[in-house]
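Take a look at this single chain, the form predicted on its own, given in structure tokens.
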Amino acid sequence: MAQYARGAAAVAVIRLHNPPVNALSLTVLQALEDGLKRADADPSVKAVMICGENGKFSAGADIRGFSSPKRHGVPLGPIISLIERSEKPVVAAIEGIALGGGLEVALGCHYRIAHVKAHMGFPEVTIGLLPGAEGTQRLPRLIGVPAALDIITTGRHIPATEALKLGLVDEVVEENTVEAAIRFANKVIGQPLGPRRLSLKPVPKLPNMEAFLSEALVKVKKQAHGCLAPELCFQAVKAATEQPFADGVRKERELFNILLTSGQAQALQYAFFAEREVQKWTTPNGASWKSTSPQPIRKAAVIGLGTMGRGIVTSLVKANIPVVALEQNVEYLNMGRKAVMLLLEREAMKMEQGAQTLDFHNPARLQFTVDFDVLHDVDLVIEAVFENMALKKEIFHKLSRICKPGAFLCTNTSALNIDEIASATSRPHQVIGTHFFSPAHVMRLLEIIYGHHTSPTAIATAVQLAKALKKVGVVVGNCFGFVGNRMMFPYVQQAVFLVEEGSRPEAVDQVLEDFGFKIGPFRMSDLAGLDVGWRSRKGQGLTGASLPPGTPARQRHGHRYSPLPDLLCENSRFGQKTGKGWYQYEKAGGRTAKPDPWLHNFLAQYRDTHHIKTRFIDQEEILERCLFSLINEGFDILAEGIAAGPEHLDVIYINGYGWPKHRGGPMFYASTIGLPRILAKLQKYSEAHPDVPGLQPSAFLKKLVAMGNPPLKEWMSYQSRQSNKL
């Protein structure tokens, strides 16, 4: 609710009160309206000040309200107009946060005072909506179109100092904001309010408004990757430049309703809640977040300073965790140190713009060494050497001897068996998988893998570490490839099969990028390096000298196999690093992928050699074979109890694999198109390619269809406990 009181002298104080973030519930809005009317009617009140309880202004409307079908009651727009029309000056005192509807309330006030540590923004776009209480019309009138577009279409939070430069707030204070706002209100009593009413202001003109808007639209569309909200945010702001305020507000409402009923807003809100849901982890044997506390991490170590290790060290330093970085010899150590320092300098520059500093020259915070004995007092070690089981086991055996008994031993592996690594130690309960994603200081996902013996405390500590690093930690069970890479395998495999059958890498990539992936499977493969998978396949005995003579080129263990990626590697085509892979690049290390005539010719010869009749493959088949095989693997993972629920798979795919967020993750997407349709299509493709296991429908998928296609949140109630492999 909002509490009304008389402040110093003639200023009425209205406090928004709805812990923890003063969300604008119906009760709060009703009380705000009553408070304004009382202040207006009270002749002894000369000015009004609106603030939030507990050092937070307001985080806006409660997001759960958007998804509930019964939205009725007090709309926010008219209350903001009521604030603006007040004959007495209204001052907003912004502390903590003013987001979404909270910022719209502040824009309705005649003046805004902010605490130096406050943040403001319109995050609606991130949940598939736009500011729906006249914010898209008032903000451009106050700070101009370019700045308003940036804030509304990106959803970013802006600090008070930037808000002051933009003219979004009138004053920034370091002391008590509420008292400063009351003093300010007393000063402006009796001053004309017309110029302070944003709905009456014209939008500041740009000399080249039309050219600016058409360029801005191209940029917004490019960054949106098929997401509707940024484009409709743009349309709403554009309406402010072309129409009177009241018409602009009507346009905003119309666009808001389009978004509200679009599937995208539901998908983005699902993703928002799923990310919170996965923090509440449980394991099949009953361990859970409720009954387990993490151990504090006062000092950490990272072993191996390749690409992954460097990113992990950078993440730890940014999180203010003292870290020891270890390499096998001085030459590698010096190379690693240089690279880490460069990354940290870049991060420090970014942070200084947000007025934070990064202390990384102090050896107590960051130490480089080749001496394992230095690790005797660390609380947690993250091993980040390359994917080789023998090497990892050797390191873990050593760590088990050197580290203190309470230290947690983490392995940054993308696929290897956690239990086998743990078997090299005398403390398997302290061993856990922490699968970072490259570049580790940028990517938000951390897959946390528990083995057979991993203790609940080790899991809780890894989850806490993810939080400290500002990452999304998802707890999953131990199997080859865990969740993310295990589901990625059939997806990439189908992409390669499609190219064998007559498609081209650029055609497959285009279909998946049009669906919303930031990067298609072949560009992704070129970026990661084709040699990584090649090394893994050699290790599994699928290719190379270890194959018995007479092994058919396109069969392994009775299943279809494509040697195409192996053949590219044999031609030293490893992707971007060599300037050639599935595409050609301007130079080794180049970034711009161009279709390669050599490859098209090579594919034609390959099909001739293996008597494959080239056929035309349409976009629908490309999309369904790649996505449905990935989703199918997801159902197997759920049936085996490797992940606690479909949300876990979706959070992993959105944050680690570039799945388009506005489609809510692969399992959510499956639930929206309907499981019967996925089952029918998998059966059709499986009949056409009976030797491809990834296309044979999962028993769990079949069961859910037989049960009448229940909603996603009920899926796990149909999972039979016997199938649990853990």
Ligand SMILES: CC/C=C\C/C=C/C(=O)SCCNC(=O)CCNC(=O)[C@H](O)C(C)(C)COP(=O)(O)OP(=O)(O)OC[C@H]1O[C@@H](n2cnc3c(N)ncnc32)[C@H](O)[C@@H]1OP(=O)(O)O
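None of the values given here were measured: they were computed from a predicted structure. Don't overthink the numbering: it's just position in the shown sequence, from 1. Under this definition, the rigid core comprises the largest set of C-alpha atoms superposing within 1.5 Å between the forms.
The protein also exists as the form predicted together with the ligand; that form is not presented, and the subsequent description refers to it.
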In the model of the complex, does D34 have a heavy atom within 4.5 Å of the ligand?
-> no
Would F372 sit within 4.5 Å of the ligand in the model of the complex, counting heavy atoms only?
-> no
With heavy atoms only and a cut-off of 4.5 Å, decide whether F272 touches the ligand in the model of the complex.
-> yes
Do D40 and the ligand come within 4.5 Å of each other in the model of the complex, heavy atoms counted?
-> no
Contacting member of R615, K280, K338, K594, with respect to the ligand in the model of the complex [4.5 Å, heavy atom] | K280
Scan R556, H157, R486, R197 and let me know which has any heavy atom within 4.5 Å of the ligand in the model of the complex.
-> H157
98-106, 490-498, 327-335, 508-516: which one contacts the ligand in the model of the complex at 4.5 Å, heavy atom to heavy atom?
-> 98-106
Within 4.5 Å of the ligand in the model of the complex: residues from 12-29 (heavy atom criterion) = P20, V21, A23
Note yes or no: does the Cα of P20 move by 2 Å or more between this form and the one not shown after the core is superposed?
-> yes
Is L679 one of the residues whose C-alpha moves 2 Å or more between this form and the one not shown after the core fit?
-> no
Has the Cα of L409 moved 2 Å or more between this form and the one not shown, judged after a core fit?
-> no
